[in-house]
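Alright, here's a single protein chain in two forms, structure 1 and structure 2, each given by itself as structure tokens.
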Structure 1
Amino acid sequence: MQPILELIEVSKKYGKNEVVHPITMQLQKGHIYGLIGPNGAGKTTIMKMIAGLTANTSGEIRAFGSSMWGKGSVENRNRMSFMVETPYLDGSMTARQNMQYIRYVRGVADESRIDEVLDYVGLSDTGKKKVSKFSLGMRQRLGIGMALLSSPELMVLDEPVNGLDPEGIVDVRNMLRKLCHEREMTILISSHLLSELSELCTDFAIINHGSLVDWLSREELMEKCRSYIAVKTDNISETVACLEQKLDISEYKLVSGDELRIYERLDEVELVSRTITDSGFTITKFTTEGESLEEYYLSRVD
């Protein structure tokens, strides 16, 4: 299947400083890709290169099977939309007026599309309220709406849930998931809320110091985020020694100094529990859990 978007050995230098090392990525139709990395990792620079806001130093960016800047590039770019960093909004205008401006710029013929999208992002009741009076969350919603107006096939969103309350975050998550499933839209999204990305995305790209350090599907992530037995007792250090001696347990780690995570014997939880209690320790926590996206991410960027 032809990728919607390809980055082929794409890099970016500012002077002698290479902020994005050569990376190769392929985005397929109908997937939601999470771009993950610490501040300064190169996420926004990658999005800016895709959007044409800054030129890549080397490599090639291809959209819908052809070069981003080659023949047919204008038509291809009309099939894409972007919200990189802060959405550009005119504070002196209303939400509808801002959308009207974008409609003209993007050549969207159907004016009723404005009301449809404003309703979609929860801003249909803002009336004559100027955008300068909007909360940060409302501005983010409007930015997403402006990106949606042209019914793009590929949408690139940089921190789209920034400033939203928990209810608003859930609304945006459900909206993006719906766009992906119902319209087979491809979405590339960055966020510092990794728990949200883990709920939303089908694929994950981890960026660190300008390099792509991991590229994996949700299924691969779930496999890598191993399950474990989480144990707390009244004496965790002696509990560890006991389990090493009596059950020959070696695949474990201590977290925060008081929780033991055991990555083996997962089908023998009763034996592990009984061994601990029979050895005279009091169990204060004993559950089977799994590592989160945050934990896996931190293990890859250390």
Structure 2
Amino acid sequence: MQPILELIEVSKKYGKNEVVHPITMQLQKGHIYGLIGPNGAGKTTIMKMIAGLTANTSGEIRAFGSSMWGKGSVENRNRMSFMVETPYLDGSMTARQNMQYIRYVRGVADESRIDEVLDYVGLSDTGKKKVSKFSLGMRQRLGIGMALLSSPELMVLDEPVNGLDPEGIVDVRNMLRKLCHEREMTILISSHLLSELSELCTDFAIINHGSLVDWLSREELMEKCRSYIAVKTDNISETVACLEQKLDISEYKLVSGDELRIYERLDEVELVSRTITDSGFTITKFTTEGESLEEYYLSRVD
């Protein structure tokens, strides 16, 4: 399938300092990509290059199959929206007036789209309230609403949940998930905390010191972060058969031919070990292993 967005060996230097080393990645339709990395890792710079707010030093950025700045690029750029760094909002205006302004700037013909989007982001009842009186969560939702106004196929959002309370994070997450499901939108979203995005994204790109250090699907991430009981015995295949029969285990995996990983009964480890020894096997390894999401992330960055 043709990628929605492609970065091919894209790098960025400020003076002599290469803050983004050559990065290659492909975004596919309908996925939500989390760009995760500590502060200063290069996330905003990558997003600014995609948004055309700063030029890439080398490499190529392609959208919808053609070069970002080549022929047909204007039409293609109209299929994308960006909220990079703080969304531009005029505090002296209402949510609707801010939307109206963006509608003119982006040339969105259909005025009724404003109400549709305000409703979508949960701001339809803010009436005459000036944006300067909005909470951070409301501002973020308005920023996302402004990015949504032109019905983009690709949305790039820089730290949209930064500083939001847990409830605000859930709101934004639900909204983005809905967009992805209902409209097959592709979203690239950044955060310095994996935990903020772990439930939302379908794919994760972990950035550290300007390099892409990990690129994995949600399933791969969950697999890496799943806790399990690691068991070795003097006869692992018979141990497996015994546990299947006596404890009805089904969520397990044999790795390297001699280690059994059991992903269930983690709160009954004594029962598992007793069942093995009572069946006459000698245990040579029995530990609980696995990392939390945050532990895994921290092991990839510094």
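The term rigid core refers to the maximal set of C-alpha atoms that superpose within 1.5 Å between the two forms. A quick note: this is a predicted structure, and the numbers were derived from the prediction, not measured. Residue positions are counted from 1 along structure 1's sequence.
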| query | finding |
| --- | --- |
| Index of the chain form predicted on its own, chosen from the pair | 1 |
| Threshold 2 Å Cα movement between structure 1 and structure 2 for Asp165, core superposed | yes |
| Leu247: Cα shift of 2 Å or greater between structure 1 and structure 2 (core-aligned) | yes |
| After fitting the core, Asn235 CA displacement of 2 Å or more between structure 1 and structure 2 | yes |
| Value in Å for the CA shift of Phe281 between structure 1 and structure 2, taken after the core is superposed | 22.0 |
| Once the two forms are fitted on their core, CA shift of Leu271 between structure 1 and structure 2 in Å | 5.4 |
